[in-house]
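Only one chain is shown below, in C-alpha cells, and it's the form predicted alone.
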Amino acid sequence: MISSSAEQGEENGRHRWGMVIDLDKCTGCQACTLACQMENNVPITGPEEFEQGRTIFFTEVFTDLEGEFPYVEGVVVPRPCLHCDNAPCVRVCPVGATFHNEHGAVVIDYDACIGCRFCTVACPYTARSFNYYTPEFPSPLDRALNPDVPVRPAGVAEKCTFCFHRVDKALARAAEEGRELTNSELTLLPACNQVCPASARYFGDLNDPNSTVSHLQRSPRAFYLLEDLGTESKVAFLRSE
C-alpha cells in the first residue's frame, strides 16, 4: 500500500529515495559502517562510552547464529536509518526538529533539536544516537573531516541521512548537464553503497517504477523490518534464497 507521504511525493513530481539490501550478498565486513563514519564525521568513542551505550553509529551490522551445532548458519543484517514514511521519530519530536525533507528522507535540524531524546526512544529500530559529548577529532583525524557535513554539537540526536549531501550534489550536477541521474549512479551515491565489496546495497527513486530499488522492493524475496508496526519503511531487505 502506498503511504500518504509517498502519494504526495508522486503528485509533486519529487524523488522518493529508498534502499534495498541483499542479505544473500552481504558478508558482514562492516565496510559500510566505517565508510559512513568517515563520510559523516561521526566521532569515535572509546570502550567506556561503549559500555555505557553511548557510541554513535549511523549504520550498524548485526550478526546472529541460527540453528544447532553442527548445523549453524550465520545471519547478517545491516541496519541504517530506515527513513520511514510513517516515522515514529517525526511524530514525537516536540519542536519539529525531525522531519521529512522534500524527497521523503527523515532528517534532523540540529539547530532546532533540544536533546529531549524522545525520537531515540520512539525509533523501533534503535537507528538513532545521542551526542553526549562535544565531538573531538584529534590530529590526524581532523584532516579527514568532510567539509560537506556539519559536525554535530553535544546534546543533539543524530542518524543516517541517506548521504543527502552527496545526493543533492549529484542532482545539481546532472541538472547542469541537462540529464537525469542513471540507476548505476544512484546506486553508488550513499557512501555505504559505494564501498560495499559485495554490491549488496541499492539506492534509488521509489517514485520511479522502473528504478532498480522499485523493482527489487517488488521482489518476492523483499521484506521490511518490523513491518507490522506500520512504519512504512523505505528500506527493504532481500531474504537469503
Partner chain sequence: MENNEEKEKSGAPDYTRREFVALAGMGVAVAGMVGVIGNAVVTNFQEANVSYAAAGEETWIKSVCQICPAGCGVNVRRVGDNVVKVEGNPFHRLNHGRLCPKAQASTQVLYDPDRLQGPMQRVGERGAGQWEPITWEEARARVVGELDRLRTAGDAHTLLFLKGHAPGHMSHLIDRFCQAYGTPNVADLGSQCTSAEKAAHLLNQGWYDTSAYDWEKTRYVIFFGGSFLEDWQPQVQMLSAYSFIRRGRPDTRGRIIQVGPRLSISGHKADEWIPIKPGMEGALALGLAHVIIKENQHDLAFIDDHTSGFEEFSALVLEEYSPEAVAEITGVPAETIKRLAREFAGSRPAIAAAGQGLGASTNALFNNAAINALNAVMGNIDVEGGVLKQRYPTFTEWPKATLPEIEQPRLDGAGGPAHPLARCVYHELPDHILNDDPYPVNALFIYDCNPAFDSPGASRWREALAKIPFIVSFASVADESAVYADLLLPDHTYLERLMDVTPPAGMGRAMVGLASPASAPLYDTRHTGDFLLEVASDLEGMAEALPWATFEELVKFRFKGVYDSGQGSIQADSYDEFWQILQERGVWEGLRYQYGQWDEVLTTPSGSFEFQMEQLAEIANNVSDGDGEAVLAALGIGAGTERALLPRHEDPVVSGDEENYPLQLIPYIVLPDAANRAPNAPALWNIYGLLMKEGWGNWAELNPETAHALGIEDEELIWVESPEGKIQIKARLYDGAMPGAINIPLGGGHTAGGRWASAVSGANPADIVTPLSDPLAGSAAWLGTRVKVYKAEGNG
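Here the structure is a predicted model, which is why all the values come from computation and not from measurement. Residue numbers count along the first chain shown, from 1.
Although it is not shown, the form predicted in complex with its partner chain is what the next lines describe.
Q.
Is Leu186 near its partner chain? Define near as a heavy atom within 4.5 Å, in the predicted complex.
A. It does not: once its partner chain is placed as it appears in the predicted complex, Leu186 has no heavy atom within 4.5 Å of it.
Q: May I ask you to state whether Arg218 is within 4.5 Å of its partner chain in the predicted complex, using heavy atom distances?
A: No, Arg218 stays farther than 4.5 Å from its partner chain in the predicted complex.
Q.
With a cut-off of 4.5 Å between heavy atoms, is Glu227 one of the residues that contacts its partner chain in the predicted complex?
A. Glu227 lies outside the contact set for its partner chain.
Q.
Is Asp208 part of the interface with its partner chain in the predicted complex - any heavy atom within 4.5 Å?
A. Looking in the predicted complex, residue contacts with its partner chain do not include Asp208, since no heavy atom lies within 4.5 Å.
(Q) If you apply a 4.5 angstroms heavy atom cut-off, which residues in 105-134 are near its partner chain in the predicted complex? (A) Asp109, Tyr110, Asp111, Thr134 sit within 4.5 Å of the partner.
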